[in-house]
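Just the one chain here, the form predicted alone, laid out as structure tokens.
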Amino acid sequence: MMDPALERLCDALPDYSGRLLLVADEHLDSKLLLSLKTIENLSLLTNRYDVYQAAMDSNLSCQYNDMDLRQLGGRFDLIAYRVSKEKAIVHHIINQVPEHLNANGRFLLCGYKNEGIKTYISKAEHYLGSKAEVSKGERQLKLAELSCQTLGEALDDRNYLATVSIGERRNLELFSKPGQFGWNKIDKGSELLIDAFAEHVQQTQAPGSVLDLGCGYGYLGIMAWALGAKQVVATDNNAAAIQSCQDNFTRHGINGEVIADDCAAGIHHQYDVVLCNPPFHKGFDTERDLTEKFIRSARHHLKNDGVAFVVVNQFIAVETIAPAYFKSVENLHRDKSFKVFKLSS
């Protein structure tokens, strides 16, 4: 689905000359990417592997990392950014602008009122020391243009680049960082899934191989390792998740891999167990198709006698999605917030 805010931002890009940078996350889709091919000297930075793949397929200059402008090299005449869902990412991007913008360069910031754009524009004005020129659109859309003058105090980005301890489970300390969903806590739904998986291990045996599908900072994979899994492969679309998950795997000496990929599309192995707490939103929107994408991938990556454990929010109808891919759909837990399923063929 085309994002009107990002579309408005991209429409403005041809009005600028010089070296241009578009900072993009999950809002950027393939249709909009094609429209960018005609813009000269445009580079993209994204923290989403699917966006990176689509950009490369379209022969666009694109860097995939955890929103680190230092890896791009040099300065830009324009940096354009459609605000992300997570506040820490937005602050992190704004904080980097002065170091990577040329003396007469411009910074474009775009988003909706209900996404906090008015506050972000105000914060950018104070930090960059310039008054924004703001144009408005439908649904209280705002597009702001700023320059760098006398810098003020940097915005609080929650020490974006650092991984921090967020707790301990099964005698293993867990580390995470901003830039990913639920980064600063141990998710209750994921704990319920691991409880169900632990009971499964007690009744059978520890699996030889586990795929943590949509791993985040790696909680499910780490707990599977603690419960005796011989090998763990973790994958996520988000660069911050890949970084923090790899950090956890390294700290605990986990035998496995951490792979950046779009819902494991490029992983061609099958596993004894798939563990998954799938996302139910893309950007600011909720998408049923996203849940089905993860259910389908879980089946594709299971051995014939394998099992998948999936936890979802109460309103996600796995009961109606999973039967198209699995013969057995067993509801192991249900409360006011979460449902845990065991899926097998």
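Don't overthink the numbering: it's just position in the shown sequence, from 1. Since the structure is predicted, the reported quantities are computational estimates derived from the model, not experimental observations.
One more form of this protein should be noted, the form predicted together with a small molecule, which is absent from this view; the next part is about it.
Legend entry - Listed range touching the small molecule, judged in the model of the complex by heavy atoms within 4.5 Å, from 112-120, 261-269, 126-134, 89-97: Partner-contacting stretch among the options: 261-269.
Inset, instruction - Tell me whether 187, 212 and 293, taken together, all sit within 4.5 Å of the small molecule in the model of the complex, counting heavy atoms only. - result: Per the other structure, all of 187, 212 and 293 touch the small molecule.
Inset, instruction - With the small molecule left out of view, choose which of 238, 248, 84, 163 has a non-hydrogen atom within 4.5 angstroms of it in the model of the complex. - result: If I apply the 4.5 Å criterion carefully, the residue I get is 238.
Inset, instruction - Let me know the one among 79, 274, 220, 146 whose heavy atoms come within 4.5 Å of the small molecule in the model of the complex, would you? - result: None of the others qualify; the residue that does is 220.
Legend entry - Contact flag, residue 279 vs the small molecule in the model of the complex, heavy atom cut 4.5 Å: Although the small molecule is absent here, residue 279 would touch it in the model of the complex, with heavy atoms inside 4.5 Å.
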